[in-house]
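First, one chain by itself in structure tokens, the form predicted alone.
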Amino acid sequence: MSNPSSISNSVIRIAGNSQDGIQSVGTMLARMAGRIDMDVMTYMTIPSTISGGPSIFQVHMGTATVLTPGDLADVLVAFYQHSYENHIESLRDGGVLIYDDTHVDPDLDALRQRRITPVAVPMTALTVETVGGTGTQKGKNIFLLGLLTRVYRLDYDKVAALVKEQFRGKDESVVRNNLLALEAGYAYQIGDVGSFFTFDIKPESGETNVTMTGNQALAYGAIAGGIRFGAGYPITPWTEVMEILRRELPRYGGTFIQTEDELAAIAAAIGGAYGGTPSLTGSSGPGISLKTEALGFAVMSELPLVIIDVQRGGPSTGLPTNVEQSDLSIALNGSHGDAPRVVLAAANVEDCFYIMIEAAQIARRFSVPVIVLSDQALATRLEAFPYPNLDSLVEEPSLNLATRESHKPYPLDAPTHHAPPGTKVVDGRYPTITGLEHDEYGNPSGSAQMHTRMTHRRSDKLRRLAAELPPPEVYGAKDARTLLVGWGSTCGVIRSVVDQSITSGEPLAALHLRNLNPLPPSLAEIFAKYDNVLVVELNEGGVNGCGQLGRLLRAETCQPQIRGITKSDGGSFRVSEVLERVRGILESTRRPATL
């Protein structure tokens, strides 16, 4: 292994069981990186069974820009033999393997062939010695945190403060034992491994960072966007959003309720929206399926409703703890009849916060349901980003209860504006809310002409929104002949692919879509400039090799050079994986046709 004087970033993979607290130590490591102004991004896997099982937590942190959780690890920590055997191939050649020699017996010859440095650490035994018998499983993760603090030369006092925060509110003995484990790990003599991992000095940015997961960002973004009522039903991986809102909304004069099922949740949220301000519900794929009938009611009644879909593997109960982007079709079309709705997709954790503010603004302005797509990778991923300027962002909802001479909630020549319940209407023609087709006052109508006009005005909201969207930004080489298109959590991977392609002599460009319905303008003109448009997404390629967004773009733009790069194995794309797939497609298009 080479001995660089400093490094710009590093990838650490911790492999063990879900009961070992590796998520806690990985989270604290990521939060520490964010507090010292490093870029950071994480990736985790958790078993879908209640009894637990093998799990990993990967942290990519550094003083350079971090766009992905990392392909291969620089350091692999293995708690058990299965952790070593299942993940040794994820450690790069020349990397470092830190293993608990109480449970792991590595193949040292194989490690030498790959120039991997093995570091045996009796983590279990030393934790028992430091903390005592029953603290073994609860303390070795913190012992590891101390060890990594030493390896990466992090500020011990700041890490210790994080540990105290993590266990705030616990018995003093719990805090003391964890600090003892941290100190023992930091004091362990690991040789000169630390000399391999000294980070570059990064100039102070002067910014304060916040480090959070995508689910946390969605919840706090909803509050900042002025949402004060929500309803939901628990399902992985949406549940954390619900729990945060249930805890936090009352502090802002709001309410979140857990209902008996998914249909009740969206019905309650529709009622909240009728109360005068945008309301929220959410779920994952199975729950979104159950909500679609009532979603049609929200479209027909034109109420400001925000729906979060934290996608997971499907169909049915599918892969509850794995990532997939296979709910785009139901988000776009999941309802009977012509039921237009806005669909947005967050690109990263920071975007999860801002996209919720945008969703609430669109729902309020156009009186339309807005679906926000996230996924399991974003839900659990930790990222650091500049602290938002809340003074300029936070929406404080208010009700306009001013007396009205007359009120048409659905005027044919103006935008929809509902009057909150309690508003006095002088002419006594109070509006009606119904799922039936209706006239301008909301009264049920069977008129074919009225249905045609109302259907058009509901769809016209999306046309008006589309006209306001800026053309999407193209990233990468200006002379590229191949364009990569992505949405959702593939953003960082695609940008990294473009960056690597420019240095390798095969320049690529990229375009990332946040607005999926309506699509931004000028896509056909942009695509026409490229020989190949490759849509990278985490779902099944189907008959023609295009995934769900790829098929939509082919239909909308009629561009035959659109192809798909898809996968549905429950994992995120790696940079090397996408590069290999791109090169394979380009190579196949260069080959002369054979007779």
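None of the values given here were measured: they were computed from a predicted structure. By rigid core we mean the largest C-alpha set that fits within 1.5 Å across both forms. Counting begins at 1, following the sequence as shown.
In what follows, reference is made to the form predicted in complex with another copy of the chain, a form of this protein that is not presented.
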item: Listed residue (522, 198, 455, 504) with a non-hydrogen atom within 4.5 angstroms of another copy of the chain in the predicted complex; value: 455
item: Contact residue in the predicted complex, from 412, 477, 175, 290 (heavy atom within 4.5 Å of another copy of the chain); value: 290
item: Exercise: residue 74 in contact with another copy of the chain in the predicted complex, heavy atom 4.5 Å; value: no
item: Exercise: residue 448 in contact with another copy of the chain in the predicted complex, heavy atom 4.5 Å; value: yes
item: Partner proximity in the predicted complex: residue 285 to another copy of the chain, non-hydrogen atom cutoff 4.5 Å; value: yes
item: Residue 465: touches another copy of the chain in the predicted complex, heavy atom cutoff 4.5 angstroms; value: no
item: Interface segment, criterion being heavy atoms within 4.5 Å of another copy of the chain in the predicted complex, picked from 82-90, 360-368, 153-161, 455-463; value: 455-463
item: Contact set, 552-588 vs another copy of the chain in the predicted complex - heavy atom within 4.5 angstroms; value: 554, 555, 556, 557, 558, 559, 560, 568, 569, 570
item: Cα displacement of residue 558 between this form and the one not shown reaching 2 Å, rigid core superposed; value: no
